[in-house]
Ligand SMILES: Cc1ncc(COP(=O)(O)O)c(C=O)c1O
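One chain is shown next in structure tokens, namely the form predicted on its own.
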Amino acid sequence: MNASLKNPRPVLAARPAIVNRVSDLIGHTPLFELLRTADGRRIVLKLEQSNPTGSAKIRMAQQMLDEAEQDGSLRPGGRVVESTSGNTGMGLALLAAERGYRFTAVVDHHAAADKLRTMRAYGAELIYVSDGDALATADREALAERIADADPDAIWTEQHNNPANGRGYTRVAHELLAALDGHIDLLVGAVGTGGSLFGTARELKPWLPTMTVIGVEPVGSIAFGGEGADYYQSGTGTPAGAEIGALVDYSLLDEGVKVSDAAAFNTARYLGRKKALLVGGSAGGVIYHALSLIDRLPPGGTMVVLVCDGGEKYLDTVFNDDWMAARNLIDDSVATELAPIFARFESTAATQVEAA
């Protein structure tokens, strides 16, 4: 365990009791203790769905716009263009509405329908690259670049290669340091652009140099090697044919693992039914793997899992029996696998309460 911090901890500004911009509600997201053992090992979830738009990605959307304004590339009344599977787009759409910019989202039908509806509700223009529901990341990015190049008032935020993406998660690290007093042994998160996991890890490492960083991507994603294949997890991974973004920092990665759609989605469904906690499909995959790691913690150790969005956007997909069955994704063996893990630690917690 990292017992002490060598450097002064960053000062975390408190949120005002009353705010006058929706973006002032970004951050200060809660921690949820999912499991705790008798010897104090625990899994703690950083619930980023408490942000506006229900996702961590509004943090990096804010940072990308802040830096574009600071360097003069984004001027008053300008246009923001981005290729998005939804969460980044929702963040940019909200911020564009708040700051008076036009926002164009280049999307495909792989995105959850509620994410697309939300972007429209904020006034975004949606441009589709395909009619089917396949993930079309490379096509989206190529079109976003062309649109921005053709408009002198536009910028392409290019989330996969924009360093501001990673810097947008500096506050996540500061919030974790403040809440956990610098005790983090394992940090686990999904890897899509790489911004959330590696941006958080990079900021934590000066204080927690022995912390282990574990990335999770879908089976079929190529960032950790292997053959590319279609997958349904949204907003994560790197599909075949797409460029691995510059923010995927292998120097910070201790382990990279793959989780199937079935394992990810059925874990999310299990948590909804057994823990009253709705998380997104890719977050289900991260938690699925995290549960297998708890015995690697030292006594009293802490594992932090970055839960980048909630499950409310996936009621028509992950939490829809017909949608799951049509894609052969319902797998009762996942619940059979998870139930004994929770039973083991819930019985421990009950014994501790009785003893107290």
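In this text, residue numbers run from 1 along the sequence as written. As the structure is a computational prediction, the values presented were derived from the model and not from experiment.
Just so you know, the form predicted together with the named molecule exists too; it's not on screen, but the next bit is about it.
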item	value
All of Gly192, Thr236 and Tyr314 within 4.5 Å of the named molecule in the model of the complex, heavy atom check	yes
Exercise: Thr157 in contact with the named molecule in the model of the complex, heavy atom 4.5 Å	no
The named molecule contact in the model of the complex: Lys57, any heavy atom under 4.5 Å	yes
Contact flag, Glu48 vs the named molecule in the model of the complex, heavy atom cut 4.5 Å	no
Partner contact for Thr267 in the model of the complex: the named molecule, 4.5 angstroms, heavy atom	no
Contact segment among 82-90, 96-104, 116-124, 67-75, judged by heavy atoms lying within 4.5 Å of the named molecule in the model of the complex	82-90
Partner contacts for 276-307, taking the named molecule in the model of the complex and a 4.5 Å heavy atom cut-off	Ser282
